[in-house]
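First, one chain by itself: the form predicted on its own, in C-alpha coordinates.
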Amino acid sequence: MTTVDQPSDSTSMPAGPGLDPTALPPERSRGRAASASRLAVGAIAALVLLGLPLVLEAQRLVHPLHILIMICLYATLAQAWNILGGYAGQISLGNAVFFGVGAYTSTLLMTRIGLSPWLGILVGMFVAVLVSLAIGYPCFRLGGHYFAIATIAVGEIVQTLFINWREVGGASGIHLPLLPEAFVNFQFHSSKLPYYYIALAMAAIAFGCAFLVERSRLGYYFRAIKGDPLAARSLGVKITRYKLYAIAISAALTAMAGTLYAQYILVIDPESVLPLSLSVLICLVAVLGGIGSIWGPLLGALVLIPLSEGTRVYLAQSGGGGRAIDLMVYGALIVLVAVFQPGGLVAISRRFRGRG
(Lines give C-alpha, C1' and ligand atoms only; values in the text may rest on other atoms or scores of the structure.)
Protein backbone atom coordinates (compact mmCIF):
# COMPACT_ATOMS: atom_id res chain seq x y z
CA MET A 1 0.00 0.00 0.00
CA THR A 2 1.37 3.30 -1.06
CA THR A 3 1.38 6.16 1.41
CA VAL A 4 1.77 9.83 0.72
CA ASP A 5 4.25 11.60 2.96
CA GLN A 6 2.71 14.69 4.56
CA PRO A 7 4.91 17.60 5.64
CA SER A 8 5.45 17.43 9.38
CA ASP A 9 5.57 21.22 9.86
CA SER A 10 4.04 23.96 7.80
CA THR A 11 7.09 26.12 8.28
CA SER A 12 9.15 23.67 6.28
CA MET A 13 7.22 24.47 3.12
CA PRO A 14 8.97 26.70 0.64
CA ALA A 15 7.91 30.30 0.71
CA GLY A 16 7.25 30.31 -3.00
CA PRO A 17 8.55 32.63 -5.65
CA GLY A 18 8.62 36.31 -4.73
CA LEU A 19 7.61 35.73 -1.07
CA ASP A 20 9.77 36.36 1.97
CA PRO A 21 8.30 35.43 5.36
CA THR A 22 10.64 37.88 7.10
CA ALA A 23 9.63 40.84 4.93
CA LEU A 24 7.82 43.76 6.60
CA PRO A 25 4.44 45.02 5.35
CA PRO A 26 4.78 47.83 2.78
CA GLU A 27 3.22 50.39 5.14
CA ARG A 28 5.67 49.62 7.93
CA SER A 29 8.61 49.68 5.52
CA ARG A 30 7.58 53.09 4.21
CA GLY A 31 7.15 54.34 7.78
CA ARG A 32 10.63 53.19 8.75
CA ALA A 33 12.10 54.73 5.60
CA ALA A 34 10.36 58.05 6.33
CA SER A 35 11.61 58.01 9.94
CA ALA A 36 15.15 57.27 8.80
CA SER A 37 14.92 60.08 6.25
CA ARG A 38 13.71 62.58 8.86
CA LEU A 39 16.47 61.47 11.23
CA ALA A 40 19.10 61.98 8.53
CA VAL A 41 17.74 65.42 7.62
CA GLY A 42 17.68 66.38 11.31
CA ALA A 43 21.27 65.24 11.81
CA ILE A 44 22.45 67.23 8.78
CA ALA A 45 20.53 70.31 9.95
CA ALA A 46 22.07 70.02 13.43
CA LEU A 47 25.57 69.79 11.96
CA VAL A 48 24.94 72.86 9.81
CA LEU A 49 23.46 74.89 12.68
CA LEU A 50 26.32 74.03 15.01
CA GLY A 51 29.20 73.96 12.53
CA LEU A 52 28.51 76.74 10.02
CA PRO A 53 29.03 79.58 12.56
CA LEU A 54 32.43 78.14 13.45
CA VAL A 55 33.43 78.31 9.79
CA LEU A 56 32.18 81.89 9.50
CA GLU A 57 34.04 82.86 12.65
CA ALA A 58 37.25 81.27 11.41
CA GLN A 59 36.94 83.24 8.16
CA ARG A 60 36.13 86.46 10.07
CA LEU A 61 32.82 86.79 8.23
CA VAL A 62 31.07 88.99 10.76
CA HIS A 63 28.03 90.06 8.76
CA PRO A 64 26.87 86.54 7.77
CA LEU A 65 27.15 85.57 11.44
CA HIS A 66 25.02 88.59 12.33
CA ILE A 67 22.40 87.43 9.82
CA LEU A 68 22.33 83.98 11.44
CA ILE A 69 21.75 85.60 14.84
CA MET A 70 18.88 87.65 13.40
CA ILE A 71 17.38 84.54 11.79
CA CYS A 72 17.36 82.76 15.17
CA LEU A 73 15.94 85.86 16.88
CA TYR A 74 13.09 86.33 14.40
CA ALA A 75 12.38 82.61 14.24
CA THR A 76 11.86 82.76 18.02
CA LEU A 77 9.62 85.84 17.74
CA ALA A 78 7.61 84.34 14.87
CA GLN A 79 7.14 81.05 16.72
CA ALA A 80 5.94 82.95 19.79
CA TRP A 81 3.44 84.78 17.57
CA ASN A 82 2.51 81.48 15.89
CA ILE A 83 1.33 80.00 19.19
CA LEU A 84 -1.11 82.89 19.61
CA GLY A 85 -2.01 83.67 16.00
CA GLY A 86 -1.36 80.37 14.21
CA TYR A 87 -2.71 77.83 16.70
CA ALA A 88 -5.22 79.87 18.72
CA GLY A 89 -6.25 82.08 15.79
CA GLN A 90 -5.81 85.41 17.61
CA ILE A 91 -4.14 87.75 15.12
CA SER A 92 -2.05 90.13 17.21
CA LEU A 93 -0.25 93.18 15.84
CA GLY A 94 1.07 94.25 19.22
CA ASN A 95 3.70 91.66 20.12
CA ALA A 96 6.36 94.37 20.09
CA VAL A 97 4.93 95.37 23.48
CA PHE A 98 6.16 92.11 25.01
CA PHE A 99 9.49 92.42 23.19
CA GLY A 100 9.98 95.89 24.62
CA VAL A 101 8.87 94.85 28.10
CA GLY A 102 11.49 92.10 28.14
CA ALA A 103 14.22 94.41 26.85
CA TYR A 104 13.42 97.26 29.24
CA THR A 105 12.88 95.08 32.32
CA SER A 106 16.20 93.25 32.11
CA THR A 107 18.05 96.46 31.15
CA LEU A 108 16.61 98.53 33.99
CA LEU A 109 17.31 95.80 36.53
CA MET A 110 20.89 95.60 35.27
CA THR A 111 21.55 99.36 35.23
CA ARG A 112 19.70 100.24 38.43
CA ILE A 113 20.42 97.40 40.84
CA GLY A 114 23.10 95.39 39.02
CA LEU A 115 20.97 92.28 38.53
CA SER A 116 22.43 89.71 36.14
CA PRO A 117 20.75 89.76 32.69
CA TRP A 118 20.22 86.01 33.01
CA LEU A 119 17.95 86.64 35.98
CA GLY A 120 16.58 89.66 34.17
CA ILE A 121 15.32 87.32 31.44
CA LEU A 122 13.15 85.49 33.94
CA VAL A 123 11.85 88.69 35.51
CA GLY A 124 11.16 90.17 32.09
CA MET A 125 9.21 87.06 31.05
CA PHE A 126 7.15 87.24 34.25
CA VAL A 127 6.38 90.95 33.77
CA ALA A 128 5.48 90.33 30.12
CA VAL A 129 3.04 87.60 31.15
CA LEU A 130 1.35 89.99 33.60
CA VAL A 131 1.14 92.67 30.90
CA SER A 132 -0.27 90.15 28.41
CA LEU A 133 -3.01 89.13 30.84
CA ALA A 134 -3.86 92.78 31.49
CA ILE A 135 -4.08 93.38 27.73
CA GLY A 136 -5.72 90.11 26.79
CA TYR A 137 -8.58 90.01 29.28
CA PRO A 138 -10.39 93.09 27.92
CA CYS A 139 -9.24 92.70 24.30
CA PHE A 140 -10.36 89.08 24.01
CA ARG A 141 -13.93 90.30 24.38
CA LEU A 142 -13.42 91.50 20.81
CA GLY A 143 -13.20 89.11 17.91
CA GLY A 144 -11.62 88.88 14.48
CA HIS A 145 -10.18 92.06 13.05
CA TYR A 146 -11.44 94.09 16.02
CA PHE A 147 -8.95 92.24 18.25
CA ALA A 148 -6.13 92.96 15.79
CA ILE A 149 -7.05 96.66 15.75
CA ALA A 150 -7.13 96.72 19.54
CA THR A 151 -3.61 95.27 19.73
CA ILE A 152 -2.38 97.98 17.34
CA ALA A 153 -3.91 100.63 19.60
CA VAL A 154 -2.34 99.10 22.71
CA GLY A 155 1.07 98.97 21.03
CA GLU A 156 0.89 102.63 20.04
CA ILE A 157 -0.20 103.63 23.55
CA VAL A 158 2.68 101.72 25.16
CA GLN A 159 5.24 103.18 22.76
CA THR A 160 3.99 106.72 23.39
CA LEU A 161 4.11 106.08 27.13
CA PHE A 162 7.76 105.00 26.98
CA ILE A 163 8.71 107.92 24.72
CA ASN A 164 7.45 110.35 27.36
CA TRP A 165 8.60 108.36 30.43
CA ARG A 166 11.79 110.08 31.55
CA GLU A 167 12.53 107.56 34.30
CA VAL A 168 13.20 104.91 31.65
CA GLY A 169 15.16 107.16 29.33
CA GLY A 170 12.29 108.62 27.31
CA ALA A 171 12.84 108.92 23.57
CA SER A 172 16.63 108.72 24.03
CA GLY A 173 16.43 105.23 25.49
CA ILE A 174 19.02 103.49 27.63
CA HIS A 175 22.64 102.62 26.90
CA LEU A 176 23.77 99.43 28.60
CA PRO A 177 27.12 99.68 30.39
CA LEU A 178 30.08 97.82 28.93
CA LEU A 179 31.02 95.02 31.29
CA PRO A 180 33.96 92.62 31.14
CA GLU A 181 33.45 89.96 28.52
CA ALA A 182 31.98 86.97 30.35
CA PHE A 183 29.09 84.57 30.08
CA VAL A 184 27.73 85.68 33.45
CA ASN A 185 27.59 89.29 32.22
CA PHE A 186 25.88 88.27 28.95
CA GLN A 187 28.38 90.38 27.01
CA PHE A 188 30.88 89.22 24.39
CA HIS A 189 32.99 91.88 22.68
CA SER A 190 35.58 89.89 20.74
CA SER A 191 33.19 87.56 18.90
CA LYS A 192 29.52 87.26 17.94
CA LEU A 193 29.70 83.47 18.21
CA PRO A 194 28.38 83.23 21.80
CA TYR A 195 25.40 85.41 20.86
CA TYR A 196 24.60 83.02 18.04
CA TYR A 197 24.56 79.94 20.25
CA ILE A 198 22.45 81.73 22.85
CA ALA A 199 20.01 82.82 20.12
CA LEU A 200 19.95 79.25 18.78
CA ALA A 201 19.19 77.90 22.27
CA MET A 202 16.33 80.39 22.67
CA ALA A 203 14.94 79.39 19.27
CA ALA A 204 15.11 75.74 20.35
CA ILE A 205 13.13 76.61 23.49
CA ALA A 206 10.46 78.39 21.43
CA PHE A 207 10.17 75.54 18.93
CA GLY A 208 10.11 73.01 21.77
CA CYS A 209 7.21 74.88 23.36
CA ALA A 210 5.34 74.91 20.04
CA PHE A 211 5.98 71.18 19.64
CA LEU A 212 4.56 70.45 23.10
CA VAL A 213 1.57 72.72 22.50
CA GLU A 214 0.78 71.12 19.16
CA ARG A 215 0.73 67.62 20.63
CA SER A 216 -1.04 68.39 23.89
CA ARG A 217 -4.66 68.90 24.91
CA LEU A 218 -3.89 72.61 25.06
CA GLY A 219 -3.11 72.56 21.34
CA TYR A 220 -6.40 70.82 20.55
CA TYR A 221 -8.26 73.49 22.50
CA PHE A 222 -6.36 76.24 20.65
CA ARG A 223 -7.26 74.74 17.27
CA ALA A 224 -10.88 74.32 18.33
CA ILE A 225 -11.04 77.99 19.30
CA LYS A 226 -9.47 78.97 15.99
CA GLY A 227 -11.77 76.73 13.96
CA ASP A 228 -15.13 77.57 15.54
CA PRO A 229 -15.25 79.42 18.89
CA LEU A 230 -18.98 78.89 19.33
CA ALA A 231 -18.71 75.15 18.78
CA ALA A 232 -15.72 74.98 21.13
CA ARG A 233 -17.69 76.84 23.81
CA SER A 234 -20.64 74.50 23.39
CA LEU A 235 -18.30 71.56 24.03
CA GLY A 236 -17.15 73.07 27.33
CA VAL A 237 -13.92 74.78 26.26
CA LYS A 238 -13.40 77.91 28.33
CA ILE A 239 -12.60 80.27 25.47
CA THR A 240 -11.22 83.26 27.38
CA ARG A 241 -9.08 81.13 29.70
CA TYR A 242 -7.31 79.33 26.88
CA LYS A 243 -6.84 82.52 24.88
CA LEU A 244 -5.10 83.93 27.95
CA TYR A 245 -2.90 80.83 28.10
CA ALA A 246 -1.93 81.40 24.46
CA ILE A 247 -1.07 85.08 24.86
CA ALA A 248 0.86 84.38 28.09
CA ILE A 249 3.08 81.76 26.38
CA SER A 250 3.57 84.08 23.41
CA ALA A 251 4.46 87.03 25.66
CA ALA A 252 6.99 85.04 27.72
CA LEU A 253 8.88 83.80 24.66
CA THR A 254 8.82 87.24 23.02
CA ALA A 255 10.18 88.90 26.18
CA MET A 256 12.98 86.33 26.31
CA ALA A 257 14.02 87.40 22.81
CA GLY A 258 13.77 91.05 23.87
CA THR A 259 16.44 90.56 26.52
CA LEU A 260 18.73 88.89 24.00
CA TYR A 261 18.28 91.83 21.62
CA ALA A 262 19.08 94.38 24.34
CA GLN A 263 22.27 92.56 25.34
CA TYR A 264 23.31 92.14 21.71
CA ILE A 265 22.75 95.75 20.63
CA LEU A 266 23.61 97.33 24.03
CA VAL A 267 21.21 100.22 23.46
CA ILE A 268 17.40 100.28 23.45
CA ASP A 269 14.79 102.96 22.85
CA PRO A 270 11.05 102.99 22.05
CA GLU A 271 11.74 103.29 18.31
CA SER A 272 13.83 100.11 18.23
CA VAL A 273 11.98 97.75 20.60
CA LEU A 274 8.37 99.02 20.60
CA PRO A 275 7.50 100.05 17.00
CA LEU A 276 4.43 98.86 15.14
CA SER A 277 6.69 97.86 12.25
CA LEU A 278 8.32 95.23 14.48
CA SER A 279 4.94 93.69 15.32
CA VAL A 280 4.06 93.60 11.63
CA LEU A 281 7.41 92.04 10.69
CA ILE A 282 7.00 89.31 13.32
CA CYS A 283 3.57 88.52 11.88
CA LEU A 284 4.87 88.55 8.29
CA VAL A 285 7.66 86.07 9.06
CA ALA A 286 5.15 83.58 10.46
CA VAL A 287 2.60 84.13 7.67
CA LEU A 288 5.15 83.70 4.89
CA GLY A 289 6.47 80.49 6.41
CA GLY A 290 3.03 79.08 7.22
CA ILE A 291 1.00 79.69 10.36
CA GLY A 292 -0.22 76.84 12.50
CA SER A 293 2.83 74.70 11.74
CA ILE A 294 6.02 73.96 13.63
CA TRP A 295 8.53 74.81 10.89
CA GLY A 296 6.70 77.70 9.22
CA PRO A 297 8.32 80.45 11.36
CA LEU A 298 11.78 79.05 10.65
CA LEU A 299 11.18 78.94 6.89
CA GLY A 300 9.84 82.48 6.96
CA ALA A 301 12.87 83.74 8.89
CA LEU A 302 15.27 81.93 6.54
CA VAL A 303 13.75 83.80 3.58
CA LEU A 304 12.80 87.22 4.93
CA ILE A 305 15.72 88.08 7.19
CA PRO A 306 18.56 87.46 4.69
CA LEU A 307 16.46 89.22 2.05
CA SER A 308 15.91 92.21 4.32
CA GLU A 309 19.56 92.46 5.38
CA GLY A 310 20.88 91.81 1.89
CA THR A 311 18.78 94.43 0.14
CA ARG A 312 19.42 96.98 2.87
CA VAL A 313 23.20 96.58 2.72
CA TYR A 314 23.38 96.35 -1.07
CA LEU A 315 21.23 99.39 -1.71
CA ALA A 316 23.01 101.38 0.97
CA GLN A 317 26.39 100.60 -0.62
CA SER A 318 25.07 101.54 -4.05
CA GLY A 319 24.01 104.96 -2.78
CA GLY A 320 20.28 104.27 -2.83
CA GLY A 321 19.92 104.32 0.94
CA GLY A 322 18.11 101.00 1.00
CA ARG A 323 15.48 102.37 3.31
CA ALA A 324 12.17 100.46 3.17
CA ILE A 325 13.06 98.77 -0.12
CA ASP A 326 13.35 95.45 1.68
CA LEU A 327 9.85 95.95 3.10
CA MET A 328 8.52 96.44 -0.43
CA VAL A 329 10.26 93.30 -1.68
CA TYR A 330 9.09 90.87 0.94
CA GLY A 331 5.71 92.60 1.12
CA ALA A 332 5.32 91.55 -2.53
CA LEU A 333 6.34 88.01 -1.53
CA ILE A 334 3.61 87.96 1.11
CA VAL A 335 1.02 89.03 -1.47
CA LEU A 336 2.13 86.31 -3.89
CA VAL A 337 2.02 83.63 -1.21
CA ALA A 338 -1.38 84.80 0.04
CA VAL A 339 -2.83 84.69 -3.47
CA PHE A 340 -1.33 81.46 -4.77
CA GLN A 341 -0.66 79.44 -1.60
CA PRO A 342 -2.23 80.79 1.64
CA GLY A 343 -0.59 77.96 3.57
CA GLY A 344 2.80 79.61 3.10
CA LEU A 345 6.14 78.02 2.33
CA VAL A 346 5.30 74.96 4.42
CA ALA A 347 2.32 74.17 2.17
CA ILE A 348 4.45 74.70 -0.94
CA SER A 349 7.10 72.29 0.33
CA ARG A 350 4.42 69.69 1.17
CA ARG A 351 3.03 70.00 -2.35
CA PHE A 352 6.46 69.32 -3.89
CA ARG A 353 7.01 66.34 -1.56
CA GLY A 354 3.64 64.96 -2.56
CA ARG A 355 4.55 65.17 -6.23
CA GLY A 356 7.83 63.42 -5.53
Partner chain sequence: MPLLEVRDLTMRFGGLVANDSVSLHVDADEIVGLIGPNGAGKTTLFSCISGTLRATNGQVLLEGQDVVGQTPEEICWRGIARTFQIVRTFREMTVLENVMVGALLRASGTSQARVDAEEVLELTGLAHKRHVLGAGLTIAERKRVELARALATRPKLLMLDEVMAGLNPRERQEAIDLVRTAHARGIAILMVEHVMEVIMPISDRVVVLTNGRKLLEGRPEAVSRNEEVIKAYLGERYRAVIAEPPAC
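Numbering follows the first chain given and starts at 1. Predicted model only: the values in this text are computed from it and were never measured.
Not on display, but discussed next: the form predicted together with the partner chain.
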(message) What I'd like checked is whether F147, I152 and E156 together line the partner chain in the model of the complex, meaning each has a non-hydrogen atom within 4.5 Å of it.
(response) no
(request) Could you tell me which stretch in 73-81, 136-144, 278-286, 236-244 has residues with non-hydrogen atoms within 4.5 Å of the partner chain in the model of the complex? (result) 236-244
(request) Would you please decide whether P180 lies within 4.5 angstroms of the partner chain in the model of the complex, comparing each non-hydrogen atom pair? (result) no
(message) Even though the partner isn't displayed, in the model of the complex is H189 close enough to the partner chain, meaning a heavy atom within 4.5 Å?
(response) no
(message) Considering non-hydrogen atoms and a 4.5 Å limit, does the partner chain approach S216 in the model of the complex?
(response) yes
(request) Flag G227 as yes or no: does it have a non-hydrogen atom within 4.5 angstroms of any non-hydrogen atom of the partner chain in the model of the complex? (result) yes
(message) Going by heavy atom distances of 4.5 angstroms or less, which of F211, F126, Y220, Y197 would be at the interface with the partner chain in the model of the complex?
(response) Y220
(request) State the residue from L176, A232, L108, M202 whose non-hydrogen atoms include one within 4.5 Å of the partner chain in the model of the complex. (result) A232
